[in-house]
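Take a look at this one chain, the form predicted on its own, written out in structure tokens.
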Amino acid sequence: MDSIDLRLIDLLRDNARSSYAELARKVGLSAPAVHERVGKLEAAGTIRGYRAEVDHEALGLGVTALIGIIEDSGADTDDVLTAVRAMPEVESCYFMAGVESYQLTVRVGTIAELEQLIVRINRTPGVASTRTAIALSTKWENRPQPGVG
């Protein structure tokens, strides 16, 4: 991966709908060369997909919370992850160092729905307890990081 690949990644993270011609103008290559490079980045798994950035409140998902899961000592990690993965409210899951085994980002429509989700998580075999923080507002998320190199 060279500096042009990193620049292409930065440009696509900023606007994934950019055309190959537009990207080519910005990196000083031909559109076919950019197409080939992007294809290689996709094939290598460096670029894993393209997503739409949405207004969660407009979708009825105005409550964002971070839920830390503390596993019990005999927990089967795969079973806990399988159960969490099946919960559509869970947007992301991170394996953590420290007291909590996992940190979830969840989105729901109401506090009552959040309460129901927390109860479901706490009833999951292998979960000893949870700790929840509710986001009051989002200052930014999914901020593109500048390329390294």
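Each residue number is its position in the shown sequence, starting from 1. Predicted model, so just to flag it, every value in this text is computed and none were measured.
If you look for the form predicted in complex with a further copy of the same chain, you will not find it shown, but the lines that follow are about it.
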Discussion item. Using a 4.5 angstroms cut-off on non-hydrogen atoms, would Thr46 count as touching a further copy of the same chain in the predicted bound form?
Written reply: yes
Discussion item. Under a 4.5 Å heavy atom criterion, is Ala135 part of the interface with a further copy of the same chain in the predicted bound form?
Written reply: yes
Worksheet item: Is Ala16 a contact residue for a further copy of the same chain in the predicted bound form, using a 4.5 Å heavy atom cut-off?
Response: yes
Worksheet entry | Partner proximity in the predicted bound form: Ala112 to a further copy of the same chain, non-hydrogen atom cutoff 4.5 Å | no
Worksheet item: Does any residue in 49-72 get within 4.5 Å of a further copy of the same chain in the predicted bound form, counting heavy atoms only, and if so which ones?
Response: Gly49, Tyr50, Arg51, Ala52, Glu53, Val54, Asp55, His56, Ala58, Leu59, Leu61, Thr64, Leu66
